[in-house]
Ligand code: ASP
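Shown next as structure tokens: one chain only, the form predicted on its own.
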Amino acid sequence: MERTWVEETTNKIGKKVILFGWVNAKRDHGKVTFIDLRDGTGLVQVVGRNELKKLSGEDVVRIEGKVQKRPEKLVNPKLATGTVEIAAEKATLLNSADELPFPIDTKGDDIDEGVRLKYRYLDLRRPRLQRNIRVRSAYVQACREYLFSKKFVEIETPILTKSTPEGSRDFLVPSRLNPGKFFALPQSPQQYKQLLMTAGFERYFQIARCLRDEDPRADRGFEHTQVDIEMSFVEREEVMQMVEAMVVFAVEKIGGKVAKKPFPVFTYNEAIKQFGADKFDLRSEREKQTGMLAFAWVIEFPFFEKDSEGKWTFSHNPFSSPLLQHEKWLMGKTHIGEILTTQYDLVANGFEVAGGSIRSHKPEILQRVFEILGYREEEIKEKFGHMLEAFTYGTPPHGGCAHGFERLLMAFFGEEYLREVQAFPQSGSGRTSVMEAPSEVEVKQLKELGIRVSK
């Protein structure tokens, strides 16, 4: 006999079934014992006698029995399976559970973060987190569904890559076979996805893992996931329209409501003047109470800004193109602070949830950007020579966007922390869940890599 999922039991009245799951709760009434059995699809009540008495909360069990209708007075309208129950004929204990270090039938907000992440595999049994992670999966699936329908190709790019300046600190990985040299973990697939446009794929996407050595905060950790896309032969508005349509499709697939379609568009200067920031919340008080998502685009950002030392740096991405009317300024290195970029950011309920631009596809433009940033000729060649050379072989005009959907899901669920929509996040101090990394390694490993740790 095949396994029956809990959610399927309402369609199997009068039939014998086999269920697997966890004991969510137990009620012993002497001659009769009830348990609520939980699997990945929901809860169902199981009624039995001696076969259920040996079970305890969170035990893993196999239940064999018959599905029967509950008496009308005992129907539970709060439960999807509340019209039925399982008359147990046999209960097999597959693995017993010790007392848990904390309750999992609450939101968990009152439990110390360190304890929750130490036992994250238990914390994830919490109904709220089960919902968050399952809806996250559904959202990603919807994005995939939409992109495949628009002739996109899903392509993975390397995790071990080269350290290049992309706005944040790199995580470095020493190379055993090349002593003294290092890989970097990708801050984004930026250069590879542009090279895929050179390769002629025209429409690429991946569900990309991105790693940045930044100080963790409520909506940012060392690792995040984004829906990463790139398109050839497009202008700014075409990419924005594609991303907007994908986001609306995916949000509505998971039951979300969008306040306004199409999304309003603000220039950077308009956003600063009206909201005092380039991330803002357009919802009314009523829309906040009803869980609405209010999206808006921000465009025409300054390409360059001064850093703390008074040197020019990029505001978003050095691989962006300037607005066409500002290309002469960039090539002539004039009016640098006035050059606007083709960057576009998508905000929702005060979070930045996507960002992209039309890219440089001509080597002379990218070369000039790095010159303005203060790179010497030999540095440009060493760090970006591969891109400059690729652009000489017929790279099409292209642009793309990185959709940080985890922040969007934070807004959708009303969660305060990014970790509530990630399975195994880092703590606020940057330590991993369960495995307690970073940690020391054996001296033998360091010797193999030619590394010595200094105090």
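Being a predicted model, the structure only gives us computed values, none of them experimental. Quick note: we count residues from 1 along the sequence shown, nothing fancier.
What comes next is about the form predicted in complex with this ligand, which does not appear here.
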| message | With a cut-off of 4.5 Å between heavy atoms, is residue 359 one of the residues that contacts this ligand in the model of the complex? | response | yes
| message | Taking this ligand as it sits in the model of the complex, is residue 355 near enough to touch it, meaning that at least one heavy atom pair lies within 4.5 angstroms? | response | yes
| query | For residue 193, is any heavy atom within 4.5 Å of this ligand in the model of the complex, or not? | reply | yes
| query | According to a 4.5 angstroms non-hydrogen atom cut-off, is residue 409 in contact with this ligand in the model of the complex? | reply | no
| field | Listed residue (212, 383, 368, 220) with a non-hydrogen atom within 4.5 angstroms of this ligand in the model of the complex | value | 212
| field | The single option of 342, 81, 188, 349 touching this ligand in the model of the complex, heavy atom within 4.5 Å | value | 188
| remark: TL;DR on 24 to 32, 56 to 64, 422 to 430, 398 to 406: the one with heavy atoms within 4.5 Å of this ligand in the model of the complex is 398 to 406
